[in-house]
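Take a look at this one chain, the form predicted alone, written out in structure tokens.
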């Protein structure tokens, strides 16, 4: 099989597993919707204030929703022995890890990107700001999955791994949060979002190159 076929096979497998555990998948999405929707209800119809806090609220909620699903990225495969079989397979483990990370983003990140503009209407964001929000999340959520995979691999099999993942990944998420929310804020203020989006895209490019191999190294240590 070609490398691309192996990649697609891993993605398909993880998507099928996710469909059998719909409650776990929907938990992150419902968390995102509920957290974002509570702010307009709590603050009231102060449109200027809602527009001001919207980028930060939406991005922080997306970050936390992504973190909810990180603990199960490798844990289930580790528990049933599938991860050991992947490590022994005659294909690079980094390729298999990349497929799992991509599947994780399709299940946990892409739904947030698609529903964010609908939630942004609650904050009285204009159509242009909603477009920038969606683009920033489209660049940022894969970055969150890639960075989170490293933390999930480092804490694999450790008691209290969910808490440790949060402690490891939160500091690394700060640049994505700053540039992602900053892109929407810059667009609202009229300064333009191109600079923030470019920096966010650069971080994503670096993560795509380095994160799968860093995750692979952490998994090999955990499996020894």
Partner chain sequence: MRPLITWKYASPQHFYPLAGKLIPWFVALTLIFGAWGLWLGLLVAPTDAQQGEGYRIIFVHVAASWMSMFLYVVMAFWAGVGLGFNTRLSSMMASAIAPTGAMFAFLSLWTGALWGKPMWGTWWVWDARLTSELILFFLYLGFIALQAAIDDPRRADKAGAILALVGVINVPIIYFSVMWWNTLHQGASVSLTKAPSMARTMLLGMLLVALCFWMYSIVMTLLRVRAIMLERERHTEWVANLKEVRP
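All values reported here derive from a predicted model rather than from experimental measurement. Residue numbers count along the first chain shown, from 1.
In what follows, reference is made to the form predicted in complex with its partner chain, a form of this protein that is not presented.
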So, a 4.5 angstroms cut-off on heavy atom distances: do all three of 171, 218 and 222 pass it with respect to its partner chain in the model of the complex? yes
In the model of the complex, does residue 203 come within 4.5 Å of its partner chain, counting heavy atoms only? yes
In the model of the complex, is there a heavy atom of its partner chain that lies within 4.5 Å of any heavy atom of residue 178, even though the partner is absent here? yes
Its partner chain contact in the model of the complex: residue 134, any heavy atom under 4.5 Å: no
Give a yes or no for residue 69: in the model of the complex, does one of its heavy atoms lie within 4.5 Å of a heavy atom belonging to its partner chain? no
With its partner chain left out here, work out from 122 to 130, 149 to 157, 82 to 90, 104 to 112 which stretch has heavy atoms within 4.5 Å of it in the model of the complex. 149 to 157
If you check 25, 214, 11, 17 against its partner chain in the model of the complex, which one has a heavy atom within 4.5 Å? 214
Which of 43, 167, 47, 194 has a heavy atom within 4.5 Å of its partner chain in the model of the complex? 167
In sequence order, which positions of 51 to 89 have a non-hydrogen atom within 4.5 Å of its partner chain in the model of the complex? none
